[in-house]
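Next up is one chain by itself, shown in structure tokens, the form predicted alone.
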């Protein structure tokens, strides 16, 4: 039985799901391709994911393909209650609501795993952590799972290295059709959508400091440049720092950038990127936001400790007053700003990421018993399949090689 708060909100949720479906043609094509076959019949699938309209479409597609699906949220502040209500109305078990306490969040994860899934879809690694450290008995039928995020892949690589990865997992994050588009273009657009909507401030002319220059953070930096911002990048990786510099950005240490920035966006996956010593030298009315999976990049404990007053300026903006009267505004409680204070990635982008998830889940259903307890890459066949469906849906033309050209290139 579902655990949701506002079942009466389902009509709004259904409208939002129907809207995004119009812009997700790759998932629609997979539904047409496999819908009659029902290749997931008899399989139990547990999903830990940001519960909003686009992820709801993925859950419904898996149900359409025959799976028994349970879903929960991967972030207490990213869950949309109307979407939970819609999924429950459509027959899925949903255990989530907006603003869960840590105990409620843990209980929802547990309940979503209690039916001993065959396949898991994880977003950040919380399912894997629970199945490994707390409730290994829930993994008795587990064939494997997929991981969506950069942060989750970091955690899986550590487990694989330490010999504590107890079941096969597929690295969806690093597939070409995911990280080249979702991480860069999806994050780049959705972060600034959320910042502009929640603050109602201009970006043009502001000094924006972006922590990191990976796929997500480079997308954020380049979108900020396109909006007319003066962009500073901070990095620990020398190659990425050079890349940022040659892309036209100023590159410096956070200690030097802290007094200069008007808006700070973290997207590193690391903790304590912005801390007390940075808060102490920041401008008045500076904006802080995080686009990494966990709320650890901006040290909220230290920010609270040095403030004399704290209040909500407007939804998703918490203002901290310093002893000298300066105000520091923290967006979305330091959690994923693009989905907590916004609508998440565009539907057209998530169409590819969730198509990868679907095909990888089908792969596990078919081959999971023969897979080893390690981290797998998405196969070239699956990655290319998604790209080709997207190419066709967008009406793009693609050249092909002649036999002579293939021979020349050694294919």
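Positions refer to the first chain, counted from 1. This structure is a prediction, so every number in the text was calculated from the model and none was measured.
Below, we refer to the form predicted together with a small molecule, which is not included among the displayed structures.
Worksheet entry | Proximity of residue 76 to the small molecule in the model of the complex, heavy atoms at 4.5 Å | No.
Discussion item. Check residue 336 for me: does it contact the small molecule in the model of the complex (non-hydrogen atoms, 4.5 angstroms)?
Written reply: Judged by the heavy-atom cut-off of 4.5 Å, residue 336 is in contact with the small molecule in the model of the complex.
Worksheet item: Does the 4.5 Å heavy atom contact test between residue 96 and the small molecule in the model of the complex come out positive?
Response: Output for residue 96 is no: heavy atoms all beyond 4.5 Å of the small molecule.
Discussion item. Please tell me whether any heavy atom belonging to residue 110 falls inside 4.5 Å of a heavy atom of the small molecule, as the geometry stands in the model of the complex.
Written reply: No - in the model of the complex, heavy atoms of residue 110 and the small molecule never come within 4.5 Å of each other.
Discussion item. If contact means a heavy atom within 4.5 Å, which one of 99-107, 128-136, 162-170, 177-185 is the stretch that engages the small molecule in the model of the complex?
Written reply: Checking each option against the 4.5 Å cut-off leaves 177-185.
Worksheet entry | Site test, 213, 267 and 345 vs the small molecule in the model of the complex, non-hydrogen atom cutoff 4.5 Å | Per the other structure, all of 213, 267 and 345 touch the small molecule.
Discussion item. Under a 4.5 angstroms heavy atom criterion, identify the one residue in 189, 150, 299, 199 near the small molecule in the model of the complex.
Written reply: If I apply the 4.5 Å criterion carefully, the residue I get is 150.
Practice prompt. Quick one: from 322, 158, 260, 236, grab the residue that has a heavy atom within 4.5 Å of the small molecule in the model of the complex.
Written response: None of the others qualify; the residue that does is 236.
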